[in-house]
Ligand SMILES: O=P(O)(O)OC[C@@H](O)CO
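In structure tokens, one chain follows: the form predicted on its own.
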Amino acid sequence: MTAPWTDWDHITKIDPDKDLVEGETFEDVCATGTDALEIGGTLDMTEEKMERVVDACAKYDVPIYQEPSNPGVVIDDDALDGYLIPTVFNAKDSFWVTGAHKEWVRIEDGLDWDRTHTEAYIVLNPDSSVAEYTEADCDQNADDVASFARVAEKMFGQEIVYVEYSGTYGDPEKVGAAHDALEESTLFYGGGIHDYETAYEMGGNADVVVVGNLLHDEGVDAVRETVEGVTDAHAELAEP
């Protein structure tokens, strides 16, 4: 069965610890044209915050996935289409490669494996919270990134590889190297997408563009621009 994200262009990541722009609603977020919502954040996450966002978005026809930062904030909600679980391939602390995952399996009674999917993260912004949190080794050149991507797909069977520059715009060469290294896995890119042009450029190097901070900082009109940018990039690539 084909995974749903193979048909996606754009994901909006909602941080439950942050507010939307004044006057905007989750209905507005769901109307941007984004293909899916990913609910999660790195710091100050709680089950209650997660539930609040999932409940607010559940009535709209956009797939919802939780991306938990640790096992303690995983929620069981029928409104979720699934769980996207990061495993940070360039983390120095093995807890973020398999340790947190082992703990989730240990404490969870009846984990829903059919809805649980992993994302092979390659974290590349050393100043980001996720890099500090996971002790990621971000000193990676394009060949290194491509090799991580190939290892994730070929050795570990990862269906999603996620190049993460959280908080800053990344290097298109490195993102493109990861994309070129993959045969079947889907490449997500996140970090610094803030307008049509950046979404268009990274759309030429990644299968799916993820937008997060932009929603909370600039609002839904800015997010809609990024949807248009990545969609146009993919449409051009699909032309004969």
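For clarity, every value in this text was computed on a predicted model and none was experimentally measured. One rule holds for the numbers: they count along the sequence shown, beginning at 1.
The same protein also has a form predicted in complex with this ligand, omitted here; what follows describes it.
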Using the pose of this ligand in the predicted complex, placed onto this unliganded form by C-alpha superposition round the site, state open if no ligand atom is within 2.4 Å of a backbone or C-beta atom and blocked if 3 or more are.
open
Check residue 13 for me: does it contact this ligand in the predicted complex (non-hydrogen atoms, 4.5 angstroms)?
yes
Contact test in the predicted complex: residue 37 vs this ligand, heavy atoms, 4.5 Å
no
Closest heavy atom of residue 211 to this ligand in the predicted complex, within 4.5 Å or not?
yes
Is residue 203 one of the residues lying within 4.5 Å of this ligand in the predicted complex, judged by heavy atom distances?
no
Of these, 171 to 179, 57 to 65, 184 to 192, 29 to 37, which stretch puts a heavy atom within 4.5 angstroms of this ligand in the predicted complex?
184 to 192
Within 158 to 175, the residues having any heavy atom within 4.5 Å of this ligand in the predicted complex are 162, 164, 166, 167, 168
